[in-house]
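The form predicted on its own is given below as one chain in C-alpha cells.
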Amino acid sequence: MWVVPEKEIAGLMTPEAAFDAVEAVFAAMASGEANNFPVVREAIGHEDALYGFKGGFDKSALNLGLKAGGYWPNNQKRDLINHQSTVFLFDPDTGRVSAAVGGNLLTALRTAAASAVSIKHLAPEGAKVLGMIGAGHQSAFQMKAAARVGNFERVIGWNPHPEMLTRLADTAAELGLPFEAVELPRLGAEADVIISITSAFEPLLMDAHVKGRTHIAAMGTDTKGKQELDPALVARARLFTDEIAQSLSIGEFQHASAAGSISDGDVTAIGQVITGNHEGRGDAEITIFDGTGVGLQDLAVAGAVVDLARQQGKAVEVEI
C-alpha cells in the first residue's frame, strides 16, 4: 500500500484541484455513479471527542474507501488542530488496502471546496459582500475558496469568541479585501453570501437576520444536535445539500425536518444543479446549501493526492 503523510499534503493538493474533485464527485452522485455508505459518528465519552467513519464507492473514478476520525475540542492544549482524520483507500477489484492518506488538510480543503461549489452554482448574481460566521481553523480555507469563485468586494464576520476574529481579518487582508467585525443582525442584512462554519449546538443566524437575495453555505453541522441556523430560516429557503438522507438526519436540516416544516422533497442534491437537471437558485430569495460532508468527497481528494504523490516520489510504499 501507499502512505502519503500529512506533511506532504500541502505540496500536493491545491484548492483548485480540490474544487474540481468535489464538483465532479457531486455530479457522479447525482448520476448514480457514486454512493455514500451510512455514517458512523459517536461521542466516545473521552476528551469530549466525536469519532466516526464516512465511506463510499465512486464507480466512475474507482475510489473505494473511508475516512476515520473526528473532532477533539481539547486539542489546542496539545498544539494540535481539533479535526483529526486519516483516509484509507481500497482496491475495488480485490478489496486490498491500497493507500493511507493524512486527512486533516484534505478535510479542510474539501469542505471549503464544497461550499465554493455551492457559491458558484447558487449565489445571487452580482454578489459583493461575503459574510463569515465562525473564525476557527477552517474559516480561512472557506474564505479563500469563496473568493476564488466569487467577485466579492468586502468581508464581514462574526464569531462567538471575538478575540478569534483576527484570523478572518488576516485572511481577508491576504486576499486584498477589507474586513469588518459586525453583529449577526447586520451580517444577515448586508451579506449576499454567508458561510457558517462553527460547532454550535443552537441556532446562531436567525430568520429575522437575513434580508434580500442571499445564499447561505451552512458547513458546520455534521452530527445530531449540532445547529447553526434558525429552522424558520430553513423553512423559507430553497434547500440544497450534498447528501439528502445525511442532511435530514445529522446535517443542518435535521431540525426543520424533525419539526415537520420541511420534507425530503424540499431538499435537492447539489449534483442535480451541477448536471443541469435542476434550475438551482431560480427566483428564490434565499438558498441554503447544507454541507454535511460526505465520504465520497474525502475519497475524491485522497485519490487525487495519491496519484500526485506517486508521480512526485512523495508516497511511501509499505507492505501490509
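Throughout, we count residues from 1 along the sequence that is shown. So that the term is clear: the rigid core is the largest set of C-alpha atoms that superpose within 1.5 Å between two forms. Quick caveat: nothing in here was measured; it's all calculated off a predicted structure.
Same protein, other form: the form predicted together with ligand NAD, not shown, and the subject of what follows.
Ligand NAD in the predicted bound form is approached by residue 136, whose closest heavy atom lies within 4.5 angstroms of it. Interface residue remark: residue 164 is counted as part of the site for ligand NAD in the predicted bound form, having a heavy atom within 4.5 Å. Taking non-hydrogen atoms only, residue 226 approaches ligand NAD to within 4.5 angstroms in the predicted bound form. For the chain shown alone, residue 209 is not a contact residue for ligand NAD in the predicted bound form, no non-hydrogen atom being within 4.5 angstroms. Contact annotation: of the candidates 171, 85, 241, 198, the single residue with a non-hydrogen atom within 4.5 angstroms of ligand NAD in the predicted bound form is 198.
Proximity to ligand NAD in the predicted bound form, defined as a heavy atom within 4.5 Å, holds among 101, 234, 219, 216 only for 219.
Residues placing heavy atoms within 4.5 Å of ligand NAD in the predicted bound form fall in a single listed stretch, namely 156-164, out of 93-101, 185-193, 156-164, 118-126. Contacts of stretch 106-125 with ligand NAD in the predicted bound form, defined by any heavy atom lying within 4.5 Å, are made by 107, 110, 111, listed in sequence order. After superposing the rigid core, the Cα of residue 82 is displaced by 2 Å or more between the shown form and the other one.
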